[in-house]
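The chain below stands alone, shown as structure tokens; this is the form predicted on its own.
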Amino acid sequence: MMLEPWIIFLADLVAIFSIYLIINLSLNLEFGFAGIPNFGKVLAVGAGAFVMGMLPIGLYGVMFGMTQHSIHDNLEMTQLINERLAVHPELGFLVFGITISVAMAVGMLLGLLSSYPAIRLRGDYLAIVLLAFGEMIRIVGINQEELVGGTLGVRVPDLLSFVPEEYRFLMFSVLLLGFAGMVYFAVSKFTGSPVGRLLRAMRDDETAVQALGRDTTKIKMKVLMVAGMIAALGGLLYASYVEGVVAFGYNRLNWTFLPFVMILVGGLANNKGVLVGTIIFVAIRKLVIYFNDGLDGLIPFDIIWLDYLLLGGIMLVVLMFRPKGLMPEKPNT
């Protein structure tokens, strides 16, 4: 039985919303709460996806006695793995858990790496350096074919191979929403604690925090490490959802600039605002794609630019009339 088109649309909307919410919460932790303009957000996101593109194939190869002689064997090997996972789903969840742990550890290490310029630089200089850091992951992925297939990419094993094909799409959306809910709960608890107030104080007046005996260098390092872990989880989940990794897809626009726009529109240092900004932007993009054929010919330009114009227009209106976002940061009590 095939699912109704509107169910597929909503399932895809929920999935993409969940992934972006996870990434946006990590960015809000860095920029909204701690004041660190991490324009290299794509670095941790791409790293999580790349771990998903590399590690499971190797682990399944050991479990099932398969050998991938080159990256070009990826498609055939993934098909064989999916057939095995349909019979042994517990192995899929085991490998998935291991991959998540490794990806988050890699994200944490990249956060630590990113913290070194954050310690020494401020403002525009820091943003430019972190932006350059973000470009590294895409360039390495494209040029090192043995990692994730270079320009062609690699396919990722299907975690839900045991689920009937017509329901797999829906089930994965539910799974992603569950991950997003857990991350939202954890980040809300974290930022609602005294640590969250400390981050706001550091963002507003770093010198005053240092005068009170707090080591702001260590605070920034820890924030970037935690945010890197969360962003890597988001990248891994996206790669799992689309069942593949192509290095070209991890660019500044989709995984750095759009998250910044979403949190600016929703409201910095407000997790509920991030949720609202994310759902607005993801829904607009999905609606434009869904009604693509119907809108073609009704507008005097290529339909591919419509969502960017709408999103940019909304951002300008919000910044003009509600510069602190739709749901501004609540004052400390």
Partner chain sequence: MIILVDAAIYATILSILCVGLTLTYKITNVPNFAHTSFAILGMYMALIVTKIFDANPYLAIPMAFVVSGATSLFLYYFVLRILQKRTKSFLPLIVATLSFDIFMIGILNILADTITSEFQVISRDFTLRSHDILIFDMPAILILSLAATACLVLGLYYMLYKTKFGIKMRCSIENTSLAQIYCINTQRVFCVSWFLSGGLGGTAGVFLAVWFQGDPGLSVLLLPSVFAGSIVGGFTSIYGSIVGGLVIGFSEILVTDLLARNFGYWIVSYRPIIPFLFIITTLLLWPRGLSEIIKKVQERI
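Numbering follows the first chain given and starts at 1. In this text, the rigid core denotes the largest set of C-alpha atoms whose superposition between the two forms falls within 1.5 Å. Just so you know, these numbers come straight off a predicted model, no measurement behind them.
Below, we refer to the form predicted in complex with its partner chain, which is not included among the displayed structures.
Chemist: Even though its partner chain is not shown here, does residue 117 get within 4.5 Å of it in the predicted complex, heavy atoms only?
Modeler: Within the cut-off, so yes.
Chemist: With a 4.5 Å heavy atom cut-off, would you call residue 143 a contact of its partner chain in the predicted complex?
Modeler: Residue 143: contacts its partner chain in the predicted complex.
Chemist: Though only this chain appears here, would residue 127 touch its partner chain in the predicted complex if you measure heavy atom gaps against 4.5 Å?
Modeler: The answer is yes: residue 127 has a heavy atom within 4.5 Å of its partner chain.
Chemist: Although its partner chain is absent from this view, report whether residue 135 comes within 4.5 Å of it in the predicted complex, heavy atoms only.
Modeler: Residue-level check for residue 135: yes, a contact with its partner chain.
Chemist: Only one of these stretches, 59-67, 22-30, 272-280, 298-306, has heavy atoms within 4.5 Å of its partner chain in the predicted complex; which one is it?
Modeler: The contacting stretch is 298-306.
Chemist: Just to confirm, with a 4.5 Å cut-off on non-hydrogen atoms, which of 155, 252, 84, 168 contacts its partner chain in the predicted complex?
Modeler: Here the answer is residue option 252.
Chemist: With the distance limit set at 4.5 angstroms and only heavy atoms considered, check whether 123, 319 and 323 all reach its partner chain in the predicted complex.
Modeler: Yes, because 123, 319 and 323 each have a heavy atom that approaches its partner chain to within 4.5 Å in the predicted complex.
Chemist: Using a 4.5 Å heavy atom cutoff, which residues in 25-53 contact its partner chain in the predicted complex? It's fine if the answer is none.
Modeler: Residues within 4.5 Å: 31, 37, 39.
Chemist: Aligning on the rigid core, do we see the C-alpha of residue 55 shift 2 angstroms or more between this form and the one not shown?
Modeler: No, the C-alpha position differs by under 2 Å between this form and the one not shown.
Chemist: Align on the rigid core first; then say whether the Cα of residue 310 has moved by at least 2 Å between this form and the one not shown.
Modeler: Where the cores coincide, residue 310 still shows a C-alpha shift between this form and the one not shown that is 2 Å or more.
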